[in-house]
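Next up: a single chain in structure tokens, the form predicted alone.
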Amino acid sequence: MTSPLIIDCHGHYTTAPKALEDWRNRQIAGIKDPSQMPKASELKISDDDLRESIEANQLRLMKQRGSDVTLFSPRASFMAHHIGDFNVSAAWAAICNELCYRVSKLFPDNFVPVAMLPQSPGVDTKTCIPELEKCINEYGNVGINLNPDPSGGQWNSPPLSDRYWYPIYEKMVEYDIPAMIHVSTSCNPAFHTTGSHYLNADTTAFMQCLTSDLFKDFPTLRFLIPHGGGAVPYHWGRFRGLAQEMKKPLLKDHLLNNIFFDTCVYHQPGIDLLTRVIPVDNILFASEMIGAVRGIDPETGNYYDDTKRYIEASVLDAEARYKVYEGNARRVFPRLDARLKAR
């Protein structure tokens, strides 16, 4: 078997030029004082700025760590859908998505864009459709990130099984794209953004799907749950037992045709557990590098988010590694597969 293409399905533009953050701060200030609200045209980021931010960071680490392609979306903690109204979110999403698209044009062999949506608490999800369609049709995006809690830690949106979300699902099915279920910054002090809110959301999303019959309505809908699925693999017996008590089908039939997990788990025992519990067909390689956990593990001397090391040290054989590294990503992201074949 030839060496697989190493596809990292979970990358964010965490190293965007500072001008982006400065523009966002002006936008937030403009919510209270409209005279300070900037126009999108006032953001000036050149191609050279983008190249510098990528070459010195994501691309350098990709080469060092042996990954080939990154599915690249706007910085998750910057989505902050709870800030402002829909118009604020729409302007912010459009700017962030355009930057990721520009990166993909500058580095077409290494970065493939994934879109954030202009979600806003309590707003009809149909309002997200124009940005979604633009990103798919004009930017060549291969997937979207979907925030199940646009309130930022208050959890006052309907569960993912509710018809509130159906307009987005209908477009996902139409375009045959998956969604990574990814929350953003927590404004609730009870939930640390990356240490609890993210992992809580991963677990919550899975349970919302388990308790529903969502995939009967959308049999081809695909969700990628990041960060190794939160607590799901560790408590797989609990979820199997709860499904049984609810008279649901076996989880492999009820959910695993539609739900997938990434490998953003930052220690060897965690990856070993994930690969023992979750079928290999449902695991996609990812690192989310230069993300939440950037330091060096003193127990190994390696970066926590150098996740390829964990896969290489796992018990997975060559066929299974091919699936994790490349095969599953091409199956879950058909537009990525078409893009790679065209290339």
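All residue numbers are counted from 1 along the displayed sequence. Just so we're clear, the structure is a prediction, and the values are computed from it rather than from any experiment.
This next part talks about the form predicted in complex with another copy of the chain, which is not shown.
Interface membership of residue 123, defined by any non-hydrogen atom within 4.5 Å of another copy of the chain in the predicted bound form, is ruled out. Using a 4.5 angstroms threshold between heavy atoms, residue 63 stays clear of another copy of the chain in the predicted bound form. Looking at residue 270, you'd find a heavy atom of it within 4.5 angstroms of another copy of the chain in the predicted bound form. The closest non-hydrogen atom of residue 233 lies within 4.5 Å of another copy of the chain in the predicted bound form. When contacts are defined as a non-hydrogen atom within 4.5 Å, all of 207, 238 and 295 contact another copy of the chain in the predicted bound form. Site annotation in the predicted bound form: the residue of 211, 137, 87, 257 reaching within 4.5 Å of another copy of the chain with a heavy atom is 211. Residue-level contacts in the predicted bound form: of 249, 195, 130, 108, one residue has a heavy atom within 4.5 Å of another copy of the chain, and it is 195.
For another copy of the chain in the predicted bound form, the listed stretch (181 to 189, 97 to 105, 165 to 173, 74 to 82) containing residues with heavy atoms inside 4.5 Å is 181 to 189. Residues from 271 to 287 that approach another copy of the chain in the predicted bound form with a non-hydrogen atom closer than or equal to 4.5 Å are 272, 273, 274, 276, 277, in the order they occur in the chain.
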